[in-house]
Ligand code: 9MR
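To begin, one chain is listed below as structure tokens, in the form predicted alone.
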Amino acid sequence: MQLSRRKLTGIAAVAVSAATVVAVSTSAIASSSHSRVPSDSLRALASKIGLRVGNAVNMDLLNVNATYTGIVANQFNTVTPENVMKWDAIEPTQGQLNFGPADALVKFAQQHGQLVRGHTLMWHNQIPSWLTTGVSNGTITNAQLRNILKQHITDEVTHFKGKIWQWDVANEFFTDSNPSMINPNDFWISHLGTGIIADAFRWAHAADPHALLFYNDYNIAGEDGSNAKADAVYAMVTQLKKQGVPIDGVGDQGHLDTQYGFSGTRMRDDLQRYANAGFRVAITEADVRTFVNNSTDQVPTDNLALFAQPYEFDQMMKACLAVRQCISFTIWDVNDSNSWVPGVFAGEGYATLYDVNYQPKQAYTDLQVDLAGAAFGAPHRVGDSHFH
């Protein structure tokens, strides 16, 4: 979950086309067994070209709400923990590690033939209060902070060694300005300097040499209407690679808002630029929000949003499909009632593939169409470590 977003501008289309309309399967919600995954589910359609389609999972609902659980099991072949692998959940009290909820998600994924994206090892939000308090009152020095961070990354990655496909190692370090830069006021940068990003990747790689390690951020595929942030991130990740830092991929979050417009062509080109530099890429937190009547019903107040919301999902998917190194496409939250959007963006919602009653929306059908058509022309995804 993120706390702020810049305006997005421009609308365009991308080149990959889809030819077959696939009806929404009612069994997609009814069944939760991996062996009974519907052939027209997103995961089944995506698997034909080696793409992983995923969702951010709320562990308060998984295995509690049957409808929610069935959608996660049947529609997606990769999962991301929405919160339970963030530091404040793993270590709410210093020295007392709580891996229980995260272990439960990993077990669920293994039972349902899914891979796991670990999220996230180093971010300025959702840091445990004992750490931020200690830093602010001086009882934790910068030298101690560095050691604590190294221990956290080492402990968490080691605990899940061999079970995590991709780790979001460093999350949201760049400013939204033009030109963009590593944020000097970021919690980690202000205390430990810019070199801490490279160190985090080294520590994660040492703990699990087989996991794919990603830099993850928003508006880094041109969603801000320029390539200011994309250019800055591209410069950093290519420099890290030249320095021998073990960074494997770039994750573009893909949080969009219909009021700002969006260029799928620019996203495709930016993803391809990362790919050409030797990185795997992923859409890691896709959703498309719009203005709604209220946070409970989340009915769009502008009828045009009923067309714009699925269109922008479609454009993101087509951008990913066009780039062979785009190995996963993850939607952030299963349905509108459990989306983070209404709680952060006043008056907005309707951001996911399923409405508040867990009914699939037009965006879901459009992604089905894109994935069905991809089997007849989109490049097969690149191989991915020992998980393939």
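These figures come from a predicted structure and were not determined experimentally. Don't overthink the numbering: it's just position in the shown sequence, from 1.
Keep in mind the form predicted together with the named molecule is missing from the figure; the text below concerns it.
- Look at 188-196, 137-145, 108-116, 253-261: in the predicted complex, residues with non-hydrogen atoms within 4.5 angstroms of the named molecule sit in 253-261.
- The closest heavy atom approach of W340 to the named molecule in the predicted complex falls within 4.5 Å.
- Contact between E172 and the named molecule in the predicted complex is found at the 4.5 Å heavy atom cutoff.
- Though the partner is left out of this view, K86 does reach within 4.5 Å of the named molecule in the predicted complex, counting heavy atoms only.
- Looking at F279, you'd find every heavy atom of it more than 4.5 angstroms from the named molecule in the predicted complex.
- Note on contacts: among E156, D224, E82, E312, the single residue with a heavy atom within 4.5 Å of the named molecule in the predicted complex is E82.
- For the residues N125, T132, N293, N178, the 4.5 Å heavy atom test against the named molecule in the predicted complex is passed only by N125.
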